[in-house]
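Heads up, the chain below is alone and in the form predicted on its own; it's given as structure tokens.
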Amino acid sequence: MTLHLDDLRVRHLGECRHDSPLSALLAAKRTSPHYVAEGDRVLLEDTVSMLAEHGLPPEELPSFEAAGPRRKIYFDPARVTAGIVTCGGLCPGLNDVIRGLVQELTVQYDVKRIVGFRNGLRGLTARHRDDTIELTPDRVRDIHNAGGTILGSSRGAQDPEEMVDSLLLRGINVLFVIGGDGGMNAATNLAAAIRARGLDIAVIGVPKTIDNDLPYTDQSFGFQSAFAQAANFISSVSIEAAASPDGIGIVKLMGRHSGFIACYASLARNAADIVLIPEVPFALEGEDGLLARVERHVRSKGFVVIVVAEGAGQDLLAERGLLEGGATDASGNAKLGDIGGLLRETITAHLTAAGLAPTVRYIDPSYAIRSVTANAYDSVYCLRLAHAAVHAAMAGRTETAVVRWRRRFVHVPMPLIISHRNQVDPDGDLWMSVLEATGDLVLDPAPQPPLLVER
């Protein structure tokens, strides 16, 4: 998808007329390697060849608005009532973002009232709009020490018009939506309904997904905490497999469409012999199929460790009639088949028929990974995203997500965040690293992605 400068401009509610409480701090700031001034922009692309293809002067190149505090703001802080909602599945760092939003709003902008809507977007419906929490610095002081979200969460779309009514009834003029692709899609629809009524309500998204599958962001918050936890399970199953005769260790990790957790967790421990992700198809049968490779590993070193993303091999399940055709979850995603179960059964049957006696150790730690507290890195990242989100809202930005891009914090139009999925590129350097780490840099002389990764 080719993007132009106008595609990357974010929407403003109007002219900023109020002095920012942070204006004195910004008076002498200029763009540097560590800061982007509010009038500057951050380039979408970062290589000479990609920039040269545009044939445009620098000021016309595709670029994002820099995030951060402004000298002038749109909202009078004394008149602001902010709302916060968390949507979708759990993710490390949700409480850190909530805490950061509340602290920045109250301490820096002196906002007096912050409302937490409970249990996701359901909390904005007519039936549940009174189920809220008053969020204060005292209330959120220690919540970052726990996983999950103190606001609760839920999946599924809600009626945008009904949600707008709830915002009006509660006097909300700034809403922060913390969610994944479903949450960002709902926030986009909500912002459109607000715009259609001509209302002065800012909607700012803080994107999250442990799958790291949202585009235009270096990494989603919570991802590092999630893959670090996943790496520990890989280590455990590797020890179990190595201690068993003909040991088979299988770890199934989250990754519906994208294999980032599987890749990063495998690189972190370097214990996986085979890595399977949705972006790279693989075969079970044949000389270079998974079953033959597993057998070779077991015969050569006595055990094998396989890391598989949940969305890998869905075509193999479909061929065997193991998928529910057309079935979807509450977010509208197609229900996945159990690739871990298929691997366990087919590998056991194959090795038994080959005269081996496999001992299978299978772990599916999905919920244990997403419910942990954020590590130190993600805690800092969440806090800085929260700061950027508050600055964006107070400056009258709306239909805008705050992300980090090229290690700079920027504003991205919400429609772009949900325009496509971020996936592991089979021709990219991450997959190359996985191939190098597993010792399987070249599997096939033909110029095509490898069928799987083998150590």
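We number the residues from 1 along the sequence you see. Worth saying up front: this structure is predicted, and the values here are computed from it rather than measured.
The next section is about a form of this same protein that is not shown, the form predicted together with a small molecule.
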Only one of P92, G259, G249, G183 has a non-hydrogen atom within 4.5 angstroms of the small molecule in the predicted bound form; which is it? G183
Can you work out which of G148, G156, G289, P365 has a heavy atom no more than 4.5 Å from the small molecule in the predicted bound form? G156
4.5 Å heavy atom contact, L121 and the small molecule in the predicted bound form: yes
Determine whether any heavy atom of N173 comes within 4.5 Å of a heavy atom of the small molecule in the predicted bound form, and answer yes or no. no
So, C87 and the small molecule: in the predicted bound form, are they within 4.5 Å at any heavy atom pair? yes
Does any heavy atom of N189 come within 4.5 Å of a heavy atom of the small molecule in the predicted bound form? yes
Out of 175 to 183, 338 to 346, 131 to 139, 108 to 116, where are the residues with a heavy atom within 4.5 Å of the small molecule in the predicted bound form? 175 to 183
